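As a starting point, one isolated chain is supplied in structure tokens, in the form predicted alone.
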Amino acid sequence: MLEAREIRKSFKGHSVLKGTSLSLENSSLSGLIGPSGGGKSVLLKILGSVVRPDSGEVSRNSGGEASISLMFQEGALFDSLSVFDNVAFPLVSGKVPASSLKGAVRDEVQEKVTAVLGRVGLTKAAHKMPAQLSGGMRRRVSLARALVARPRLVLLDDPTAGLDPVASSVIMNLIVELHREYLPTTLMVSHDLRRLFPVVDKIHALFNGQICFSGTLEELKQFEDPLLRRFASCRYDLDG
């Protein structure tokens, strides 16, 4: 269980989160939706202990911060590291390139990185540099890095943003497949509601700095808030 209670956050006097509260069940796959610039990425970074809230608290039973992984919207790959070393980064705490490890530690890292690269279809790209990859491939590297250590809490910031429909489907299918494999508690921000809604257990809507809805897709279809319905209906057929 992860719970965020009365989270408030402002930047340069502009209030972004205004008493936001959110609860995630263990092993759930949830979606976070809302307008651009509405604080979704900020909330994810607070949940992932990357940004500190001005007030409020986050409690979790995920085993500590070492068991949290945040996939940033921009991918945030290290351009000077190979695909292999980018994915290995969480396993070696960034102290050395994984390729320079020795002995049993090297073998363990090699096994884990090779396995996850195989799952995202990038085995042959292990020694390439990020600049040599397409946008979809870079996003798959980011996803592999987020999951290589099998964290208990996975936070994904718009993993299909800017991708073509085929690449978007590949990424979303991978997320669902890997979630089913070991059931991390997962919260995913996405504007691609057509792909998001059918795969998540629960939807959370962030509007005007607060969570205005938490429920299933079927419950959303019955929810009468005009602002949320107008937002969702522009991207997904709620009456279909």
Ligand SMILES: Nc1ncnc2c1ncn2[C@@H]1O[C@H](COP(=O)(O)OP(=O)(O)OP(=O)(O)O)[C@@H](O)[C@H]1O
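For every residue, the number given is its place in the sequence shown, counted from 1. Quick caveat: nothing in here was measured; it's all calculated off a predicted structure.
Omitted here: the form predicted together with this ligand. The next part is about that form.
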Answer key: of Val42, Ala205, Ile171, Val200, within 4.5 Å of this ligand in the predicted bound form (heavy atoms) is Val42
If contact means any heavy atom within 4.5 Å, which of 31-39, 177-185, 192-200, 209-217 contacts this ligand in the predicted bound form? 31-39
Contact label in the predicted bound form: Gln73 to this ligand, heavy atom within 4.5 Å: yes
Given that the partner is absent here, does Val16 sit within 4.5 Å of this ligand in the predicted bound form, heavy atoms only? yes
